[in-house]
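Shown below, as structure tokens, is a lone chain in the form predicted on its own; questions about how it binds or moves come after it.
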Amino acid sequence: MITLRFEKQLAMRYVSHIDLLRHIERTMRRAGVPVAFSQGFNPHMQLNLGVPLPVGVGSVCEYVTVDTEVDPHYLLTVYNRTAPKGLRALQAWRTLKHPNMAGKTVAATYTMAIRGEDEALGALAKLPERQSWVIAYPSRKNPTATRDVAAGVFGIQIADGLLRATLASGNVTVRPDLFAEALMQEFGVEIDLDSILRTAQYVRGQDGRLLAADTYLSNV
């Protein structure tokens, strides 16, 4: 198996998770990559994506695992020849077993452009110290839902007009767009929602600490 790290930018930011999988499948077909298919009544290409992104959020660290025996560098090269703009592959790893990125990922780092008074930014930076932080967390079924996300805010850094937040991602997720909207409402800061970018993802290491997904993939 090979896992690709790829970007999701430009117009591709607005593609849903299901449509993203279709785009990657078509890219593999155009590139002529021999990918294994599932068995059964409706065979499908064996591709496995990582944790979904909210529509409209960009990323430079998305992952897809491909069941193929080709060389990783070859896959990286031929994929990029045929990939749509905004879905360029950045790195490739051969893995001895399925890395299960969707199941093992526990956190992600996002950056976003921010403006505000020094006092507000200082108070915002202390957010990970809170024991409770209830924010609006609407869904299709419940547009007025709220959620306590304090346990899912792992770290915040602010420098040079850029906020860097590490948030829960995976089986438990703090959506970065809802996080940003809550910051604007409570602290009176301005955040460019179109600037939100996922820059890193993490799994739990054997010591319980966050381990960069790239490091994990290098040792699977």
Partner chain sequence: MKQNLTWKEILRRVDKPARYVGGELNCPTMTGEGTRFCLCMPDIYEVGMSNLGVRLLYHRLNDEPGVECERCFTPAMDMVELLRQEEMPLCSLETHTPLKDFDLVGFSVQYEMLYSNILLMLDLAGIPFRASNRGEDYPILIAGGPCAVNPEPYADFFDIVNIGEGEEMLPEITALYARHKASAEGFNKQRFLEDATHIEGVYVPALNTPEHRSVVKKRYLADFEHAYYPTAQLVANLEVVHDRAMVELYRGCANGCRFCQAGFYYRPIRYRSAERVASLCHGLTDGTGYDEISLGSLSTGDYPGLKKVLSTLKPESEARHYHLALPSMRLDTFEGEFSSLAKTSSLTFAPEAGTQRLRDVINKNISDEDINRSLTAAFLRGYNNVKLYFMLGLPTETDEDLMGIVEICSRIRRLYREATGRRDVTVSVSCAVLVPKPLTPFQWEAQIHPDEMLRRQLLVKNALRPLKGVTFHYHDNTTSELEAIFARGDRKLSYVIERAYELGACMDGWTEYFRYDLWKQAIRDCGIDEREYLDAQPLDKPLPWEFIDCGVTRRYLEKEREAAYAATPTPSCNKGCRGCGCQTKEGCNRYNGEVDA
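As the structure is a prediction and not an experimental result, all values here were calculated from the model. Residue numbers count along the first chain shown, from 1.
This protein has a second form, the form predicted in complex with its partner chain, left out of what is shown; the following refers to that one.
Annotated contacts: 11, 30 and 42 all touch its partner chain in the model of the complex [non-hydrogen atom within 4.5 angstroms]. Only one of 121-129, 78-86, 146-154, 107-115 lies within 4.5 Å of its partner chain in the model of the complex by heavy atoms, and it is 78-86. When you look in the model of the complex, the only residue of 69, 186, 190, 194 with a non-hydrogen atom within 4.5 Å of its partner chain is 194. For residue 140, a non-hydrogen atom is located within 4.5 Å of its partner chain in the model of the complex, even though that partner is not displayed. Of the heavy atoms in residue 200, none are within 4.5 Å of its partner chain in the model of the complex. At the 4.5 Å threshold, heavy atoms of residue 22 reach its partner chain in the model of the complex.
Shown alone here, residue 15 lies within 4.5 Å of its partner chain in the model of the complex, counting heavy atoms only. Contact residues in stretch 47-61 (any heavy atom within 4.5 Å of its partner chain, taken in the model of the complex) are limited to 55.
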